[in-house]
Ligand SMILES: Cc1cc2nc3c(=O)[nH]c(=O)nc-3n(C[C@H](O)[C@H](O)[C@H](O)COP(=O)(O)O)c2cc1C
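First, one chain by itself in structure tokens, the form predicted alone.
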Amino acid sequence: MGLITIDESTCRRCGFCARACPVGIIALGEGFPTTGFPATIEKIEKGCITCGHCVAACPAGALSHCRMKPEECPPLEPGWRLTPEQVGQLVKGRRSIRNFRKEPLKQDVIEQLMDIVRYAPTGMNTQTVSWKVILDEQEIQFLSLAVIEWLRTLEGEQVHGVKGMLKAWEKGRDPILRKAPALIIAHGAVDDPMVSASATIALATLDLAALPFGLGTCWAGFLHQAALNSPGVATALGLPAGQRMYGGVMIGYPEFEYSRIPLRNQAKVIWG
């Protein structure tokens, strides 16, 4: 069996599969005059990134990839595209949540969320972002304390905000992970050139995907910075050898809802 198989009885010869292939492996028409059906260019087949665009683009379900069949790829439901107004409300209504209800998150809710987030785009479809989900409040507090200990080493360097966070901690508040009921960390190989951007995209996707579940998120920026600069914090994360944290979010049910969209600067755009 080759890289792709064409059901000639249903193929419309529309060429969408060839045009959708991001690495130009599929050709149609003049390159294959004997059949007139799509086929791969054998000498560059190894460049396939298994993105599935060829399968997804075929309106007749006539193309099968050796690693995915059309019947394995669920059809999109009519009306799946939200209106600009709906997207505007979703993006503009999203807030960084720093006050969470004391309500634990169930693992199956996180599993549903991660099943959506795994479809976030990755560089060359590498899909190398890995995740660590922490649902134990004591472990989250342990990580907050590890960051605080790192911040104490910076106290004499006059780094902006350090004194305020240390004072907040001394008063019983958690300015690091906000006493969130859960923490999701994106990580990947230290030597992977794609994973940093891919993790950021995945976390941004998670940020919005959490909203329909009634969840709120806040990026764990202090933890991320500490993990990059403190061997002790990096070790406390408990990631596999050779792996690095590329970002993370606190997540939980918001203590209260927001009712208005705050002002933001106008987009700075250069039109070419």
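Predicted, not measured: the structure shown is a model, and the values here were computed from it. Start at 1 with the first residue shown and count on from there.
Same protein, other form: the form predicted together with the ligand, not shown, and the subject of what follows.
Put simply, of Val55, Met245, Cys51, Cys218 only one has a heavy atom within 4.5 Å of the ligand in the model of the complex, and it is Cys218. Listed residues Arg98, Arg173, Arg152, Arg101 were compared with the ligand in the model of the complex; Arg98 is the one with a heavy atom within 4.5 Å. Look at 39-47, 57-65, 232-240, 218-226: in the model of the complex, residues with non-hydrogen atoms within 4.5 angstroms of the ligand sit in 218-226. The ligand in the model of the complex comes within 4.5 Å of a heavy atom belonging to Arg94.
Proximity of Ile251 to the ligand in the model of the complex: non-hydrogen atoms within 4.5 Å are absent; the residue sits far from the partner. Proximity of Arg264 to the ligand in the model of the complex falls within the 4.5 Å heavy atom cutoff. When contacts are judged by a 4.5 Å heavy atom cut-off, Arg178 counts as touching the ligand in the model of the complex. In the model of the complex, the ligand lies beyond 4.5 angstroms of every heavy atom of every residue of 115-148.
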